[in-house]
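Listed next as structure tokens is one chain, alone, in the form predicted alone.
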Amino acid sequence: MSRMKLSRIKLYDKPECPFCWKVRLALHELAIEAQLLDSQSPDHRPVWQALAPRKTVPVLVNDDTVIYESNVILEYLADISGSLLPKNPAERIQPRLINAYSDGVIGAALREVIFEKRGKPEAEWDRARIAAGITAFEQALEFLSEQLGEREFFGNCYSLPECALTARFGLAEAYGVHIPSQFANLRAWFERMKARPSYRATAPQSLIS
């Protein structure tokens, strides 16, 4: 696939942020070239913070267009590419709902594990918090497994949930949280997502090195 050259597009990015990672996945899958800028750099931090009311990344800038919410960025990329969502409006509903579920339910559960483990020696981990997060994650997978069924994707094509959940599951795996064996369809789905070139191309280097 030839890459779509939008020379002015910039993404203020943080490698391990799942909201940033799902945008990077979308850009790669859509073959859109973008300049990735380190949001933590002293040169870039004041720029993107002036653009984002909530002071969070990702922030995408394309000429005069500024978008500071990851899901709105995905919708914008779908609009300018004509991909990433089904063509039929009715068929777009399910991918959008699963995308929201990824942020609100899957992400909330995994946050308890990742925030507790990140940057701490193992001896200082709050085991109860981690266990609660893993339990909530595994319970949330029941709904996802039902929604996926035997399909290749959550919609009728690679779309928003693939970006969002691939990033979430990738971070979960890196922090020792795995999809239980009873969710064989989700395990197979994640293996398919990891086999796509976009996974290695966009994953934080700390996760794949």
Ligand SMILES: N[C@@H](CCC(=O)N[C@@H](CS)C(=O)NCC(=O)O)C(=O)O
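Residues carry their position along the shown sequence, with the first being 1. These numbers were taken from a predicted model, which means no experiment stands behind them.
FYI, the form predicted together with this ligand isn't displayed, but the following is about it.
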query: Listed residue that, although this ligand is not shown, lies within 4.5 Å of it in the model of the complex (heavy atoms), from Y175, F153, Y68, F183; finding: Y68
query: Option touching this ligand, based on a heavy atom within 4.5 Å in the model of the complex, out of V57, L144, A34, L160; finding: V57
query: Non-hydrogen atom contact C17 with this ligand in the model of the complex at 4.5 angstroms; finding: yes
query: Partner proximity in the model of the complex: F169 to this ligand, non-hydrogen atom cutoff 4.5 Å; finding: no
query: Stretch in contact in the model of the complex with this ligand, which is absent here, among 24-32, 136-144, 175-183, 47-55 (heavy atoms within 4.5 Å); finding: 47-55
